[in-house]
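Heads up, the chain below is alone and in the form predicted on its own; it's given as structure tokens.
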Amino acid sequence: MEVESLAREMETAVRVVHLASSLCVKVQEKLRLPSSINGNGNGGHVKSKDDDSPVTVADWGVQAIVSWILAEVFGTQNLSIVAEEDTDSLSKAESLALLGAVSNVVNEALSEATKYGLTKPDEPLGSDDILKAIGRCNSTGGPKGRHWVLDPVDGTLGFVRGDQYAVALALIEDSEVLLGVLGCPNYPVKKEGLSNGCNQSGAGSVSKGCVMYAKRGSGQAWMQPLLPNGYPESATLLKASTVDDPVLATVCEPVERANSNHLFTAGLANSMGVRKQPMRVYSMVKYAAIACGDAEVFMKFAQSSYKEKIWDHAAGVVIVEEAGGVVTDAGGRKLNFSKGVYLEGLDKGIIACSNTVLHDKIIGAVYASWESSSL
């Protein structure tokens, strides 16, 4: 498929991520109220999943509006959406108040859809409509066909804590990621590093919030400011850093110890002479930092029992690569998005770098460190 034929998909994806990010900003503001974090289903905005990870009304709300918009634009026939959330806990009788909260944020967001150049419903969606939209995202992907891949709130723990998170939407066709969009509502955007109106707060100040996106094969990745009242008219071209000396590199890694080996990463960084302390960041914002030149490396070496999900990487991978970076497993192989929900066959971990020179150096250091750490 030629990049040019994805114009409609790209525009829809970018606009709906803007809308979804706006929803998240409003929900996160509500989470600052202590009474809203109780997770008991009687109107609380946060619940715990079976694996003890949090899920919020924003997770379900984003999934509902993205699903609804994609169905409106592309139709429901052959529409395959792979997404993180399901309706199991939301459908229970004791979750009636929670479902009501989700309905409220969904309809509030969709009422503003026209500000983002999107269609809004003729009348507010009912609970059944919202459950149907969320439940439509039940595809498991696979090697053939076209699949939208969504993480409605990547880094929910960061979201709940008022920290970094991302809305991540990608399109995969026949195992290849064709486009990716990342909404990063809390990402700090420095005025002196950007142009074309990406700072909305006045001279010398720092604004926050952006949407990054890229199409496979275009050789370009873009950033738009996240505006409070609609879709921006401008975008800034992103370019990954050219720093290829590990001594000067900024390294990102996950915050959670549960799914990343911080000890190995620290040893690897030390062996390469990295001087800066690692930036521990929630969510795919780590990919965003590399794409826009704020960091050079993202390394993740998960425990053997942890299985990487495609929605945690697809959008970020294509954005970094089109910005000039490279993403592989620790063996230097491209990530395989053909096996369904999980990234199967990873060699040790995932390494994203701002350029190939730095990437090659890290790959070599990984093997040396891995062998010595395994002795």
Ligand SMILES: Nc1ncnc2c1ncn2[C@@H]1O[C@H](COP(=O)(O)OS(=O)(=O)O)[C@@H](OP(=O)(O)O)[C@H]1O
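Position 1 is the first residue in the sequence shown; the rest follow in order. Everything numeric here is computed off the predicted structure, so don't read it as measured data.
What follows is about the form predicted in complex with the named molecule, which we do not show.
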In this shown form the pocket that the named molecule occupies in the predicted complex, once superposed onto the local C-alphas and checked for 3 or more atoms within 2.4 Å of backbone or C-beta atoms, is blocked
Exactly one of 141, 155, 185, 225 comes within 4.5 Å of the named molecule in the predicted complex through a heavy atom, and that residue is 155
Assert contact residue (the named molecule, in the predicted complex, non-hydrogen atom within 4.5 Å, options 235, 302, 101, 71) equals 302
Report task. Indicate whether the candidate residues 86, 90 and 129 are all in contact with the named molecule in the predicted complex, with contact defined as any heavy atom within 4.5 Å. Result -> no
- Is there a non-hydrogen atom of residue 312 within 4.5 angstroms of a non-hydrogen atom of the named molecule in the predicted complex? yes
Residue 151 within 4.5 Å of the named molecule in the predicted complex, heavy atoms: yes
Margin query: Even though the partner isn't displayed, in the predicted complex is residue 255 close enough to the named molecule, meaning a heavy atom within 4.5 Å?
Written below: yes
So in the predicted complex, does residue 179 come within 4.5 Å of the named molecule, heavy atom to heavy atom? no
Which of 213-221, 244-252, 281-289, 115-123 lies within 4.5 Å of the named molecule in the predicted complex, heavy atoms considered? The stretch 281-289
Applying a 4.5 angstroms cut-off on non-hydrogen atoms, the residues of 6-20 near the named molecule in the predicted complex are none
